[in-house]
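Only one chain is shown below, in structure tokens, and it's the form predicted on its own.
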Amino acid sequence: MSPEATALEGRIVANDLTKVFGEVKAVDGLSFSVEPGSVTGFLGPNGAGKTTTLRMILGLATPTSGTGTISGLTYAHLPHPGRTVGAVLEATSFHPGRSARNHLRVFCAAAGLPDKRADEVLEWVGLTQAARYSVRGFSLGMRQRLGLATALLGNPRVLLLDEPANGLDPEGIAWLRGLLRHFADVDGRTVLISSHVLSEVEQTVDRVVIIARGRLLYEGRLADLEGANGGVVVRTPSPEQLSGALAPLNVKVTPRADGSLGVVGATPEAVGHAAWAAHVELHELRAGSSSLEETFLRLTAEPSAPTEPGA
């Protein structure tokens, strides 16, 4: 393998992806990358273009323009796609009369894998006891596990999952989180998950890609996103004096319910230096934080409609 190919191995890249359906632009010049050794959350409100983007990356939809690649190649050009990427976009595409084991054996035959691989992944996802039962009797959570088992058959370098926690109970969600983190942290593989369960995403991922209206809003580390939007929290017995000292920094200072001040537009170091220079006593100074949900809602909020004159 060439150095260039090695550098791209396991990397997902969307390059100026655009998809137009009639007069609707579902995805609009979207570019981002997902790196190996990380769990990346792909987030956006309903209708943002997430599923369409995933389908283009997986070769299930043809881009109007742009490209989506995995390990430097479009899905159609991967030499062994089933062994390169495992994907679950829908947990309902099972033959209802087929057992879980036979469902997986069909995919083993298509991918050139031995039948015993089906039992291996069934054990991995906790479905060994249900292997001989018909899928029609499976709960949504069991179907999610079977879909994940299907994605894992080829021992892929890349996992691409749409709403993987949907239907799982708290124990199942904790199990899924551990599996995905092991996949990335220990095996150094690539995980991209699309989800609406932001509280769970916050506990699982280390990077996020946030889109709305088919366009990229943010790409990067989750910690950077939350830190950037959390501002600075400062507590002082002289809030008015501190506000005056911070005025030259062109920051926004807001009183908080607990008596502290929230400062947006400056680092803790800058706030501390301004307070020191003005001889303002501080009792607390720290970087603030905001939840992923708060930040997500702020980023993806629809722009306000212009107000009619006289309204």
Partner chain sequence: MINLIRAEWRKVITVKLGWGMLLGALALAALGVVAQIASNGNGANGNFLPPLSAAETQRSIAASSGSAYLFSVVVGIILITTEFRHFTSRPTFLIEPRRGLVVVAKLLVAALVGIIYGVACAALTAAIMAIWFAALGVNIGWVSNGILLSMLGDTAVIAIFAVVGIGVGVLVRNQIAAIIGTLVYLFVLEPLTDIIPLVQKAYPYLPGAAAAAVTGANRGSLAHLNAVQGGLVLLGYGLLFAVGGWLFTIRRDIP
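Positions refer to the first chain, counted from 1. The structure displayed is predicted, hence computed values, not measured ones.
There is also a form predicted together with the partner chain; it is not shown, and the following applies to it.
Q: Hey, in the predicted bound form, does Ala247 get a heavy atom within 4.5 angstroms of the partner chain?
A: Ala247: no contact with the partner chain in the predicted bound form.
Q: Report yes if any heavy atom of Ser71 sits within 4.5 Å of a heavy atom of the partner chain in the predicted bound form; otherwise report no.
A: Heavy-atom contact with the partner chain at 4.5 Å: absent for Ser71.
Q: Answer with yes or no whether Pro170 is in contact with the partner chain in the predicted bound form, where contact means some heavy atom within 4.5 Å.
A: Heavy-atom contact with the partner chain at 4.5 Å: absent for Pro170.
Q: Examine Leu122 and determine whether its closest non-hydrogen atom to the partner chain in the predicted bound form is within 4.5 angstroms.
A: Output for Leu122 is no: heavy atoms all beyond 4.5 Å of the partner chain.
Q: Could you check which residue among Ala174, Ala223, Val106, Leu140 gets a heavy atom within 4.5 Å of the partner chain in the predicted bound form?
A: The residue in contact is Val106.
Q: Sort through Val205, Ala87, Leu192, Val232 and report the residue having a heavy atom within 4.5 Å of the partner chain in the predicted bound form.
A: It is Ala87.
Q: Hey, of 213-221, 123-131, 94-102, 177-185, which bit sits against the partner chain in the predicted bound form at 4.5 Å between non-hydrogen atoms?
A: Of the options given, it is 94-102.
Q: Report yes if all three of Arg55, Ala111 and Asp115 come within 4.5 Å of the partner chain in the predicted bound form by some heavy atom, otherwise no.
A: Heavy-atom distance to the partner chain in the predicted bound form: all three under 4.5 Å.
Q: Can you tell me which bits of 46-78 touch the partner chain in the predicted bound form, meaning any heavy atom within 4.5 Å?
A: Contacts from 46-78: Arg55, Leu58, Gly59, Leu60, Ala61, Thr62, Tyr75, Ala76.
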